[in-house]
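The data below hold one chain only, encoded as structure tokens and taken in the form predicted alone.
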Amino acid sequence: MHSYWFGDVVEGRCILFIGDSNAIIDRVQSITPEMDSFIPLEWEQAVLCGACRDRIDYLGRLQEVCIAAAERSIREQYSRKDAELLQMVRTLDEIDTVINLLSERAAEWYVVRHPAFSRKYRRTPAHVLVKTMREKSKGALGKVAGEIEQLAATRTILAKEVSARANDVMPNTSALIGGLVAARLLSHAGGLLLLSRLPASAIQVLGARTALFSHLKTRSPCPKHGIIFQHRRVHNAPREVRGKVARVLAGKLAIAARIDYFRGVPAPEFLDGAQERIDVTGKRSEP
């Protein structure tokens, strides 16, 4: 028997499949032909089976099935619990980029008006500098500085929502490394499913793309960590053992991501053991 989207062919006799578009899509997804005995479909077979009138009708019906299958796949993708978190954290990163670019450009503009300030602004915190420009500048520069402050306030609100959503979508990963960092891991991986499939070695350097490609191309030292450098145990560790701490943390994050994807609920026993192992490794590395 050979199964196709419109029916089954058994010893030259066709059994037409009856059902709506959703039933046909379910049928198509369930068909797993054996390639050793598979016979490519010809549109004439569909006509003989009674599924269509001619080649044009066959192509039209097949197009409808393909479009319906694509629409269902898109709906399933956007219904995943990590779909909105993925867009939220990417928006947050874009806002950070915009704030940094605008702050730097506004500072250069402010220095043109106040040359004596040129030696100070490099050492001045960004938010203090923006506030100074807003208060002491008139016209467009003051407006730009005000917009940067409003954008920074929006960024703070969004960061809190990202952290809260990450705690809900990936509770174990967030418990180990924090909601914001967990969300950034998710963003770089492309989704919770893809993150759960990554080995610990890939999670360890996730976010260090430039350094990794530099290592592959020029044989420069391999990066020891990427985004997970933001974890306190990693960035507080001495340089000579920082890679070991990052490796232990990445191993626990790989397990946590799998638990988040397949269970979706916190695993207290795992979290306690993982946190203890990370803390012990970090403490051993301290002088």
Partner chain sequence: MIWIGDVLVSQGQGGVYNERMLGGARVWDPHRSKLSALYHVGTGIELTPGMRVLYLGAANGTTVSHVADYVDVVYAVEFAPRPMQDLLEVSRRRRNVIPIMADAARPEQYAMLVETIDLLYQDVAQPEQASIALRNCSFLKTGGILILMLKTRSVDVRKEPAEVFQDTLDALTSAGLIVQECKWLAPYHHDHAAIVCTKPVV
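Positions refer to the first chain, counted from 1. Since the model is a prediction, treat every value here as computed from it, not as a measurement.
The following text describes the form predicted together with the partner chain, which does not appear among the structures shown.
Contact annotation: of the candidates Leu216, Leu158, Leu101, Val128, the single residue with a non-hydrogen atom within 4.5 angstroms of the partner chain in the predicted bound form is Leu216.
Between the options Val47, Ile67, Val241, Cys222, the residue in contact with the partner chain in the predicted bound form by a heavy atom within 4.5 angstroms is Ile67. This chain is displayed without the partner chain, yet in the predicted bound form the stretch 77 to 85 from 106 to 114, 149 to 157, 136 to 144, 77 to 85 comes within 4.5 Å of it by heavy atoms. Proximity of Arg247 to the partner chain in the predicted bound form falls outside the 4.5 Å heavy atom cutoff. Contact check for Ser73: a non-hydrogen atom falls within 4.5 Å of the partner chain in the predicted bound form. Contact annotation: His231 falls outside 4.5 Å of the partner chain in the predicted bound form, judged by heavy atom distances.
Within this chain, Arg55 lines the site of the partner chain in the predicted bound form, having a heavy atom no more than 4.5 Å away.
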